[in-house]
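Below you'll find only one chain, the form predicted on its own, shown as structure tokens.
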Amino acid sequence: MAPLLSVQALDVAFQLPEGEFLALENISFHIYPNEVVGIVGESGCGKSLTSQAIMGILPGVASIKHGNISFQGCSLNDLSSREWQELRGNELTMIFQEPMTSLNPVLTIGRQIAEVLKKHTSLSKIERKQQVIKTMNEVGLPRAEALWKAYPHQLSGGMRQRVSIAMALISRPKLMIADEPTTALDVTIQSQILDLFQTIKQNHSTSLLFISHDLGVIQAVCDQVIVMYAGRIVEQGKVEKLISEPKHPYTQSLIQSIPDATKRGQRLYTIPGTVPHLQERQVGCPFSNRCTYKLKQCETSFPDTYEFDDGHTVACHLFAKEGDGN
């Protein structure tokens, strides 16, 4: 089966007053039809930047320096503005972390969702409204007819996020990207939104790229998971295998940080240190200054990627003699 999305050896650089700095380096992964892939890592690891590169919405100071992104076999690197307008919001859609930044405060909810259909289909006004009401019900928005005339500020955070999901789903896209869609919500609403993504996964032939800093959330939704650190992929594989048998020290630390009912009353584990700022990244493994298993070569060279069973890969010098290259 051919992948729906392929990201191959992607480098993204920021042009800053101090010079040019690589923010993403050698990023490669695939998403297949009907597959849910998660990207996990701390803030500053490059998760959102990866999604922005895929959507063609990189900030002005950032640009793709190397590599290719292809969707349904077509390269996205050199699309014209018109081609992007036809693709974005239609076959390729995105849900942002804070819905108030993606919703227009002066347009009603119904009109905003219907605009997607107006732009990308030939449906009549009545047919568009019928489709919008159906999708609003599908994502769990109550009293859809009444909400049609409501404005974003009149809705709770959870309801606004459901509106964003409805906007992303209304065109029945091939791929949806969800960039930390539960982070700004309280725990109860988070659970409801995750259940909604599970329903979408079951009822639609839509692939999903789900971005989160929380491995527990990733485990609840995803088939495959990519672990990123400081603009690099350090581990990837099937979510159950990666969580039950994590190989990279960073992945192990992320799992150790997940709250666990068996550790009630104990202090939560935190990874010592912080993700290095873009201008502070050095040669070698970027996690080496926080890693308890650091080897001498970790400071001088970034490790090769080693492959194990089921396509599980890890970029770590600890596995130089255990990967498939031996």
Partner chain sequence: MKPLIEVEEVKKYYKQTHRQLWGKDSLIKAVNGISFSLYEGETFGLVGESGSGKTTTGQLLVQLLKQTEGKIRFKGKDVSKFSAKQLKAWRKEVQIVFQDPYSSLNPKKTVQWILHEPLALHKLGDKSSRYKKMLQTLSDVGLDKSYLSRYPHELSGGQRQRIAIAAALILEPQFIVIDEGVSALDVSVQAQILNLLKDLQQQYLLTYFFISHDLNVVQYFCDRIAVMYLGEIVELGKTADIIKAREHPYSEALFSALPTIENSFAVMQIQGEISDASQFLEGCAFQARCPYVYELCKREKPVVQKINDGHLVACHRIQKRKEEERVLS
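Positions refer to the first chain, counted from 1. Whichever C-alpha set is largest while still superposing within 1.5 Å between the two forms counts as the rigid core. No experiment lies behind these values; they were computed from the predicted model shown.
Unshown form predicted in complex with the partner chain; subsequent notes refer to it.
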Practice task
State yes or no: in the predicted bound form, is some non-hydrogen atom of G216 no more than 4.5 angstroms from a non-hydrogen atom of the partner chain?
Solution key: yes
Handout entry: Non-hydrogen atom contact S156 with the partner chain in the predicted bound form at 4.5 angstroms
Key = yes
Problem - Exercise: I200 in contact with the partner chain in the predicted bound form, heavy atom 4.5 Å - result: no
Problem - Partner proximity in the predicted bound form: R290 to the partner chain, non-hydrogen atom cutoff 4.5 Å - result: yes
Practice task
Pick the stretch from 123-131, 69-77, 204-212, 251-259 whose residues have a heavy atom within 4.5 Å of the partner chain in the predicted bound form.
Solution key: 251-259
Exercise for the section: Using heavy atoms and a 4.5 Å cut-off, decide whether S43, I189 and D195 all contact the partner chain in the predicted bound form. Expected result: yes
Practice task
Name the residue from T270, S301, S63, Q282 that puts a heavy atom within 4.5 Å of the partner chain in the predicted bound form.
Solution key: T270
Problem - Large Cα move at P59 between the shown form and the other one, threshold 2 Å, rigid core - result: no
